[in-house]
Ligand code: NAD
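Shown here is one chain on its own, the form predicted on its own, set out as structure tokens.
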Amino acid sequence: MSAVRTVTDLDPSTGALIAEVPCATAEEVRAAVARARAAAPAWAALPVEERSACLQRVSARLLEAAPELGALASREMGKPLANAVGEVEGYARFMLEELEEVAEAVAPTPFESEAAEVVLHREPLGVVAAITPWNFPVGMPLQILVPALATGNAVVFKPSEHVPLTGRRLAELLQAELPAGVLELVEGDGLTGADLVAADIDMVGFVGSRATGETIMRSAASGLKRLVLELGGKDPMLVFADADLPAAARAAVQHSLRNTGQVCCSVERVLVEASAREAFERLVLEEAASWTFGDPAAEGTRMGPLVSHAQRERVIAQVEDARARGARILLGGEVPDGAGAFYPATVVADAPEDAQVVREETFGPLVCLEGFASEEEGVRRANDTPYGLGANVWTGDSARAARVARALRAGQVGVNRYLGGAKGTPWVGARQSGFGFLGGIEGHRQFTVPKTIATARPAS
């Protein structure tokens, strides 16, 4: 008899064991998919208003459970407690807005035709696999689960192995308001995720690394399964000398270091016009010095640990590679003593263009400063990456702002602010930062297939 495969759930602040969680076997994954498949037709047959009503009740449950669920997420992945609770509350409220958008997205649309009455309907795909990350262990799952369920699909949910208990509790809160089988949970590691992608599903909704996204795409090809993949980024910020430098420095530091830098759309490269470099470095160092790390449960903690020692080792490797290539380490860059996967806020300047910290996603508490001499050079270097999730431009010249924003190859661009949008706009990963997209009416429609019904008009 083979041993049961498990994931080891460790507290990244202390290294203490939280739980050993058994991984679902391939047979258990297939059984979960079969239950979802059986439940899907009745769920799809409900009016969108009834499906939304179920999910509105889930929103209320999430708000009530926010202190408990936030504390669990904070313990499992190291997010400061206040931020973790805020994540639950924020996404629980955002669900209500999303549900309104879903109803609009799936509403039948009439078209004009002399020969027939033509109506475009949008029908659910069937069974969606939701494979989600650990860095926003409540928010990221909900960004897939809510539109997938509200559009009428059944879902099999596999949370990250770094946050298995958070994922399990989130699933329980959803299942309490959904018919049996409409949301199935499978727990485990990457092999579990591979088994789920290979199973009898119709679509994969995935948020995670580019490498895993490529693997999922290859596996899904054999069944022509639909895909929405939100992948990583190496987001640039261009700062021109005529920008509001203090505001730009605050934004650069905040969005490089928040969530200990573990955000897919973190600012990962800050390119500063040469004449402003010295002043901007001083501002960044003043701001970054206040981003200290500590116990995520303590009041006022700005940064907790990285999610694991393995993730910290990846950050260390990038910093040491930059150091070896002649970059200046202006702040941090040293591994602290003690337990836990902590790493200090670190500022690196002048890493060469072939350094890992310039080329590869960092996903850690690092501000990477580079220089540029002209607008043309700045745009070229900002776009010199296979990624295309987000980008920022800071300048006092409105014409240049518009010109550069259009030239940056990214799904979202912030001008004199961080990334943002408005109700109805999708969240898009351009180039190798994604395939398909989430959010907004068009994003919600990706969980459906359009069907055109043309009915002949009666003969006159």
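Numbers for residues come from their place in the sequence shown, where the first is 1. Values in this document were obtained by computation on a predicted structure and should not be read as measured data.
Quick note: we don't show the form predicted in complex with nicotinamide-adenine-dinucleotide (NAD), though the next part is all about it.
Mapping the unseen interface onto this chain, V367 falls outside it, with no heavy atom inside 4.5 Å of nicotinamide-adenine-dinucleotide (NAD) in the predicted bound form. By the criterion of a heavy atom within 4.5 Å, Q356 is excluded from the residues contacting nicotinamide-adenine-dinucleotide (NAD) in the predicted bound form.
Taking non-hydrogen atoms only, S275 never approaches nicotinamide-adenine-dinucleotide (NAD) to within 4.5 angstroms in the predicted bound form.
Although the partner is absent here, W134 lies within 4.5 Å of nicotinamide-adenine-dinucleotide (NAD) in the predicted bound form, judged by heavy atoms. Exactly one listed residue, out of L231, V102, V347, L149, brings a non-hydrogen atom to within 4.5 Å of nicotinamide-adenine-dinucleotide (NAD) in the predicted bound form: L231. Contact annotation: of the candidates V319, C264, V88, V284, the single residue with a non-hydrogen atom within 4.5 angstroms of nicotinamide-adenine-dinucleotide (NAD) in the predicted bound form is C264.
Here the marked residues K158, V197 and G208 all reach nicotinamide-adenine-dinucleotide (NAD) in the predicted bound form, each with a heavy atom within 4.5 angstroms. The stretch that touches nicotinamide-adenine-dinucleotide (NAD) in the predicted bound form, counting heavy atoms within 4.5 Å, is 126-134, out of 368-376, 244-252, 126-134, 323-331. Of all the residues from 183-201, those having a non-hydrogen atom no more than 4.5 Å from nicotinamide-adenine-dinucleotide (NAD) in the predicted bound form are D189, G190, G193, A194, V197.
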